[in-house]
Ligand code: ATP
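The form predicted alone is given below as one chain in structure tokens.
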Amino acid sequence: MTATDDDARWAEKKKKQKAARDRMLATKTREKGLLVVHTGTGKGKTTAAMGLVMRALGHGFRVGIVQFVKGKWETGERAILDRFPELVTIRVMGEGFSWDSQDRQRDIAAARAAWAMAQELLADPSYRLIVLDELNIVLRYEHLPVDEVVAVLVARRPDLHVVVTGRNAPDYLIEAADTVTLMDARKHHFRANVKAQQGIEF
């Protein structure tokens, strides 16, 4: 078989794939606000959410971000998003990870304050995308009632996209979500004694 034959077979295969793909896409007619969950032990949950923020900004959407845990480090994403105050609202409500604060009642109070802020943003019709960063962590520690949080997220207005990040997403949230991505930790430089680095972790 010649290279020309190979190229012809390749072109025919791709033609059939495109036809099948076009038929499948023609059935996708609904448009709605999505509830997206990034969870798992792997790196990149918040990073993926921030990628969606950038995409939304590119379309001129207004975005709200509530960070439930992070709060102590100055992060690159906050530095860049602060340049778009007319489109982005960032509320850093966390007191750091639980091993930093070591005060359960303080952590619960911080989680409740962050959830109150999140509900304000969710209720504001000017926002098209809301990111609830590390919400899964406070749900795991039962600092907020899972059923209440999920009920509010499910009852959001129909065109609002919400992204929830953090390890150990509760089953109830996963069931309610439209899209769930599990970040799988196959390998991480931290295990080789490499510290968190500017531009990569924060």
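The numbering used is simple: start at 1 and walk along the sequence shown. Model, not experiment: these values are computed from the prediction.
Here the subject shifts to the form predicted in complex with adenosine-5'-triphosphate (ATP), a form of this protein not shown in this document.
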Query raised in the report: Pick from Arg55, Arg140, Arg156, Lys43: which residue has any heavy atom within 4.5 angstroms of adenosine-5'-triphosphate (ATP) in the model of the complex?
Result: Lys43
Query raised in the report: Is there a non-hydrogen atom of Val180 within 4.5 angstroms of a non-hydrogen atom of adenosine-5'-triphosphate (ATP) in the model of the complex?
Result: no
Query raised in the report: Using heavy atoms and a 4.5 Å limit, would one call Ala3 a contact residue for adenosine-5'-triphosphate (ATP) in the model of the complex?
Result: no
Query raised in the report: Using 4.5 Å between non-hydrogen atoms, is His188 touching adenosine-5'-triphosphate (ATP) in the model of the complex?
Result: yes
Requested in this report: Choose from 29-37, 172-180, 46-54, 144-152 the stretch whose residues reach within 4.5 Å of adenosine-5'-triphosphate (ATP) in the model of the complex, heavy atoms counted.
Outcome: 46-54
Query raised in the report: Relative to adenosine-5'-triphosphate (ATP) in the model of the complex, which residues of 140-163 have a heavy atom no more than 4.5 Å away?
Result: none
